[in-house]
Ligand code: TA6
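Take a look at this single chain, the form predicted on its own, given in C-alpha cells.
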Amino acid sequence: MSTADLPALNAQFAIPGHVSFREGPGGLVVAMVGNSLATATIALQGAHVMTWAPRKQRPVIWLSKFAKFAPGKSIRGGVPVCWPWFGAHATEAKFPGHGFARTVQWEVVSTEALRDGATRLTFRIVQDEATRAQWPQASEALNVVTVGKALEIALVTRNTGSAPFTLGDAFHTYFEVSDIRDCRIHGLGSCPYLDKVDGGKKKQQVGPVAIGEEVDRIYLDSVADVLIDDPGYQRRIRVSKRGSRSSVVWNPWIEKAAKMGDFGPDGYLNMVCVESTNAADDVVQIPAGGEHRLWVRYSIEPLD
C-alpha cells in the first residue's frame, strides 16, 4: 500500500467523524481514527496500532519518541502483531524474530461506525512470494481493531488448506506508564514463568511483578486479567484476553534499550510490554478449515 493509493482508499473506506487515511511518518499509510470516545492511529504496514487514547485521557499505548518509520522496518511501540510464530523461528535462524506480519503490508477489508460510537477496522495480511517462502501454509490472517472507550483487537487466523498447522502469535503491546519503577503488575501471582534473562529457567511468580531491572518472562497458565497499577498517573490498565494461555512481560532496561537505538535516553522508564501470547508450549494447532482467534481488550480504571 503506497501513498498513491490514498484517494481510492479514502473513497472506499473513510467515514466522516470516524476514520480517514493519510500519509504518515516515513511515508507509511496510516488510518487516523477519531470518534466521540477515543483517538487512534494505525499503520497499514503490520496493521500496527501505534497510538490509542480515550477522550480526555492521556495515551494508554506507548509509542517511542525515537521510533523509526520505514517500509519493512518494525515500529518501536504500539501494538506489533507477532505472526505466524513468536520469538525465533523453530528451524530457520535467518527468518525474522516474531514472524513477518509486523513488517509487511495489510489491506483494509472494511471500516464500520458502530452504534455505541466506536469505530471498527478490519485488515487482512497481504501474502506474496516472500512471505510464502517463510510460511507456505495455506492461511488467512485478519486483524480486527475496535477503537472506543476500550481498545479491542482480534487476530483471526484461518487454515484454508487441507492439512493442520501449528501457530504462534502475540500482541506485543507497549503500555505507557509514568515510571515503571513505581508500577506493579497484578494477575500473574500464581503463574510459573520462563525467565529469558536467566537462561530460560523456570521460576514461580510470587505476588505482583515489580520492575527495577531488565525483565523478559513468559508466564505460563496465564488466563486471568493482568492489571498494571500506575500511581503516578493514578490509573490502572486492565488487559483482558481470550485465546491465549501465556503472557509475556518485557522491559529492556538501560543497557539493552541503549543498544536498540530507538528508545531514547529514558524511554524504558515510561513503558512496559504486557503481551497476550501463544508462546512457548502454548502454541495452537489449527485443523484444516479451522480458525484461531486471539482477542484482547485494553481499558483503564481509576486507581483505588
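What you are looking at is a predicted structure, and each value in this text was computed from that prediction instead of being measured. The first residue of the shown sequence is 1; numbering continues from there.
We do not show the form predicted together with the ligand, though everything after this point is about it.
Shown alone, this chain has one stretch from 139 to 147, 221 to 229, 98 to 106, 115 to 123 that lies within 4.5 Å of the ligand in the predicted complex by heavy atoms: 98 to 106. When contacts are judged by a 4.5 Å heavy atom cut-off, residue 256 counts as touching the ligand in the predicted complex. Heavy atoms of residue 272 never reach within 4.5 Å of the ligand in the predicted complex, leaving it off the interface. Under a 4.5 angstroms non-hydrogen atom cutoff, the ligand in the predicted complex lacks residue 69 among its neighbouring residues.
Among heavy atoms of residue 89, none comes within 4.5 Å of the ligand in the predicted complex. Not one of 60, 211 and 236 is positioned with any heavy atom within 4.5 Å of the ligand in the predicted complex. The partner is absent here, but in the predicted complex a heavy atom of 248, alone among 248, 31, 38, 50, sits within 4.5 Å of the ligand. The single residue of 201 to 223 lying near the ligand in the predicted complex is 216, the criterion being any heavy atom within 4.5 Å.
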